[in-house]
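Here's a solo chain for you in C-alpha cells, the form predicted on its own.
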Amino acid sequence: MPQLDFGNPLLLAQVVWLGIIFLVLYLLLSRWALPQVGAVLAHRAETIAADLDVARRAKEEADAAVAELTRATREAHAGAQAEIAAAVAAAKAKTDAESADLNAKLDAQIAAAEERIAVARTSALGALEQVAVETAREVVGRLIGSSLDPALVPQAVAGVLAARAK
C-alpha cells in the first residue's frame, strides 16, 4: 500500500504528530473532561436515588392513607348498618305495638257487634216464631176451612224451628 510507505518522511511526521495529538487528547480527557462527566453522572445518580426515595416514601404514605380511608369507610358502613338495624327494629316494635292495640280495639268491636247480632237474631227468631205461628194458623185454616186448636200450632212451629236450628 502506497499510503503506508514509512520511507516517506512526510508519513513519518504525520504518524509522530498523530501520536502526540492522541497523547494530549488522552491526557486532557482523562484528567479534566472525563472527571467532570463522571461528577455529573454521579450527581445525576444521587438525584435519581433521592427522587426514588422521596417517591417510595410518598407511595408508603399514600398506601397508609388508603388503608386508613378503607378502615374508616368500613367503620362508617358498619355504624350505618347498625343504626339502620336499630331504626328498623324500633319501627317494627312501634308497628307491632300499634298493630296489637288496633287488634285489641277491633276484637272489642267485633265482640260488641257479635253481641248485637246475637240479640238481634234472638229478637228476630222470637218475632219469626210469632209470625210463623200466625201464618201457619191462617194457612191451615184456609186449607181445611176451620180453625185449629190455638195451643197445637205454636207447639208444631216450635218443633220445626228446633229441628232446623240443629
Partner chain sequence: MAAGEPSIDALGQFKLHTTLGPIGASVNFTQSNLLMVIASGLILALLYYGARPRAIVPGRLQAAAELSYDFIYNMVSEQIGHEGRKFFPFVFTLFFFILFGNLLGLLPFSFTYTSHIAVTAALAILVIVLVTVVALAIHGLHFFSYFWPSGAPIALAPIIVPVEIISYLSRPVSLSIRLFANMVAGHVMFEVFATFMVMMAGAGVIGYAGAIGPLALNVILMGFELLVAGLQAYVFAVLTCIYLHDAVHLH
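Positions refer to the first chain, counted from 1. All values reported here derive from a predicted model rather than from experimental measurement.
Form predicted together with the partner chain: not shown, discussed below.
Exercise. Want to guess which of 62-70, 117-125, 101-109, 24-32 is within 4.5 Å of the partner chain in the predicted bound form, heavy atoms only?
Worked result: Only one stretch qualifies here: 24-32.
Exercise. Taking heavy atoms and a 4.5 Å cut-off, does Leu11 contact the partner chain in the predicted bound form?
Worked result: Yes.
Exercise. Applying a 4.5 Å heavy atom distance criterion, does Ala163 contact the partner chain in the predicted bound form?
Worked result: Judged by the heavy-atom cut-off of 4.5 Å, Ala163 is well away from the partner chain in the predicted bound form.
Exercise. Looking in the predicted bound form, any heavy atom of His43 within 4.5 Å of the partner chain?
Worked result: Yes.
Problem set entry | Val15 within 4.5 Å of the partner chain in the predicted bound form, heavy atoms | Output for Val15 is yes: heavy atoms within 4.5 Å of the partner chain.
Exercise. Of Val37, Ala58, Ala97, Ala50, which residue is found within 4.5 angstroms of the partner chain in the predicted bound form when only non-hydrogen atoms are counted?
Worked result: Here the answer is residue option Val37.
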